[in-house]
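Just the one chain here, the form predicted alone, laid out as structure tokens.
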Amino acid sequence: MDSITRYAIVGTGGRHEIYRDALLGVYSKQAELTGLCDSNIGRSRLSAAWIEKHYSRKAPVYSAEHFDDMIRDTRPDVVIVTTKDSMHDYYIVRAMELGCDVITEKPMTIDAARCTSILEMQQRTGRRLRVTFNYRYSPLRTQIKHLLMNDIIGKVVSVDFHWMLDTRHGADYFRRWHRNKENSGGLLVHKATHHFDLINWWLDTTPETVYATGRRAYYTPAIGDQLGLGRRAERCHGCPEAAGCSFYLSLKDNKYLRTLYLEQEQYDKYYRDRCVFSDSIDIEDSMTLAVSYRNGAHMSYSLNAFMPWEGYMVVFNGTKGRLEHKCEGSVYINGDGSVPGSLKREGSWIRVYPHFAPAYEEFIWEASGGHGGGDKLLLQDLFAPDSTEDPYGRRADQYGGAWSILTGIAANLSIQNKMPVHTLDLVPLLTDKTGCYLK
């Protein structure tokens, strides 16, 4: 009989469910869920009730201040961290210190000092850390890696990468805790970490220098006034402008959102539906970067969070030609019941323009499910890998996690100081030989 690996989860918001249900369902023969922990005890109890109802199991529940007790009492081998971003470092470091390996949601953390503390603890304890970049596992993004690995356009010289968040999904970051940099590092860390990791992984390189500009151009009080929403409240629930606001989110009319958030506000006063035009927001919604990489490539990048469609366009210019890729994704709000980031095939393609030969289109690899089909494959690799082989280098450790956030951290500093930032100056433990994925 295969040995059982014991897991505990800290952070019981919406994202933890994908791990919880995988451990109790498909991977229950290899895994055991030992405990749940959260700063909002109501959400932890809600998850425990779900487990008892759907899996006929009891899961011990712990408040955040009793995290150490959970580790001592339930003896997990691995802690899964799905808290808000600013708390990732605390639980990663403490779990390692208490003798556990760690799986963490991206971003690994939100600034250079916290990144350094994670790397130091990992080196001191030797514990294993996995950062869950589900985009690497998406068949379509893996196909791009496959083509570039096979030298289809030669050595990549430059990249143009532009990501669009539509006015449904994009606005949601301005309602939640992500709206303040002290919680999320802004979209350049919380969201764009996915994108910067893809470039590091696609090109098998790491960023050296970052220059960035950014501002909040759309989700502002002035735009709210222009839209005629002069009587808006600080949150959607009970707002007098609800009937006329295109950004109105009703927590009470969505069973999932009502149960997970509205009914749990009594424990921590966290409001899931704050106004997207509030003057208390301090993150950007429009950003542009110029990035140079260790292998000599350069990238121009943009992220806009108020677009009419969701997805991205990326172009690789190489010594043997050019690869153009567009991916259009589904429109969703986190927790609205739809599959997050599913692929729209009719809006996605890969085109190759070789030197001295006709252009052609690649038939894109099949994908279904969350995050372009990446979620399911990621879970399999985490909890029941078929072998130790990882030909595309999709598994990311603390170094992949660090390099992915350093582009965004450097960009935040560049916006603040109006100067280019060298990534290796931020985290001395990294060197130009530190890779971005597990070999």
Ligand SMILES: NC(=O)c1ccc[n+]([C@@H]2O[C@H](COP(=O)([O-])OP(=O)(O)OC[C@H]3O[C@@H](n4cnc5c(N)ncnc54)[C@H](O)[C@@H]3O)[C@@H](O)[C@H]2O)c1
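Predicted model only: the values in this text are computed from it and were never measured. Numbering starts at 1 and follows the sequence shown.
Omitted from view is the form predicted in complex with the ligand, to which the following refers.
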item: Candidate stretches 285-293, 306-314, 189-197, 139-147 - the one whose heavy atoms come within 4.5 Å of the ligand in the predicted bound form; value: 189-197
item: Close approach of residue 88 to the ligand in the predicted bound form, 4.5 Å, heavy atom; value: yes
item: The ligand contact at residue 107 in the predicted bound form, heavy atom, 4.5 Å; value: yes
item: Contact label in the predicted bound form: residue 40 to the ligand, heavy atom within 4.5 Å; value: yes
item: Exercise: residue 277 in contact with the ligand in the predicted bound form, heavy atom 4.5 Å; value: no
item: Contact residue in the predicted bound form, chosen from 202, 349, 270, 211 - any heavy atom within 4.5 Å of the ligand; value: 270
item: Proximity to the ligand in the predicted bound form, single hit among 94, 130, 168, 84 (heavy atom within 4.5 Å); value: 84
item: Complete contact of 15, 64 and 177 with the ligand in the predicted bound form (any heavy atom, 4.5 Å); value: yes
